[in-house]
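Before any questions on how it binds or moves, here is one chain, the form predicted on its own, in structure tokens.
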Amino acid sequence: MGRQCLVPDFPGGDMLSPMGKIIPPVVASGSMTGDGPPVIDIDDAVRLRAWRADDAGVVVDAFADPDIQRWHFRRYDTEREALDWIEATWRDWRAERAATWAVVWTDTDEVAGRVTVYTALEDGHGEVSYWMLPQFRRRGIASRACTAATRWAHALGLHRIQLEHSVENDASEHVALRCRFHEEGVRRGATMHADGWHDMRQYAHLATD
């Protein structure tokens, strides 16, 4: 029996194909070049670099922190699991899904935290996420890293960078405001956490801001 065509042949049907899109990709595929996320010198004290295999112990320590577990829904108990996470950041870069950096002290290369921009190149959108190790919080590092990653994303050509956090996460709220993200509202019951559904406060930063 021959293969049946389940899609009827009708005039204009090819408009449903991606090949027929009127608007071209905002950022072309292949724009995230190089072996990994570029090194970004934020200032004399802090820079962003790609994660390395020898950072695995730091990843285990970070995801053992109750606050990071609470807001990021993950834990990695072994260095093998942490290495899998690090390897995933490189795969995401090569697939142009995300750019993930370690936030490090320039003079010692000690890891203080992490910042990621999840990318949707065709749509010109991104979303930024971050965490800091407990001993490095309340020093303004997260806001500096978030600002630097957002600038990188806009320079890549992404028009809109989103940021979202639970309404109970005061620390992330402070970072969003310091980075001059504009609050757009609250999505009710939008994300499940370990303790139930949370309302999520949403922000955006446009390339024109």
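Please read all numbers here as calculations on a predicted model, not as lab measurements. Note that residue numbering begins at 1 and tracks the sequence as displayed.
Heads up, the form predicted together with a small molecule isn't pictured, but that's what we're talking about next.
Any non-hydrogen atom of Glu164 within 4.5 angstroms of the small molecule in the predicted bound form: It does: once the small molecule is placed as it appears in the predicted bound form, Glu164 has a heavy atom within 4.5 Å of it.
Exercise: Ser172 in contact with the small molecule in the predicted bound form, heavy atom 4.5 Å: Yes, Ser172 sits close enough to the small molecule in the predicted bound form that at least one of its heavy atoms falls within 4.5 Å.
Arg180 within 4.5 Å of the small molecule in the predicted bound form, heavy atoms: Heavy-atom contact with the small molecule at 4.5 Å: absent for Arg180.
Partner contact for Trp90 in the predicted bound form: the small molecule, 4.5 angstroms, heavy atom: Trp90 lies outside the contact set for the small molecule.
Which of 78-86, 91-99, 133-141, 117-125 sits within 4.5 Å of the small molecule in the predicted bound form, heavy atom basis: Result of the contact check: 133-141.
One residue of Asp54, Asp67, Asp35, Glu184 in contact with the small molecule, assessed in the predicted bound form (non-hydrogen atom, 4.5 angstroms): Comparing distances to the small molecule in the predicted bound form, the residue within 4.5 Å is Asp67.
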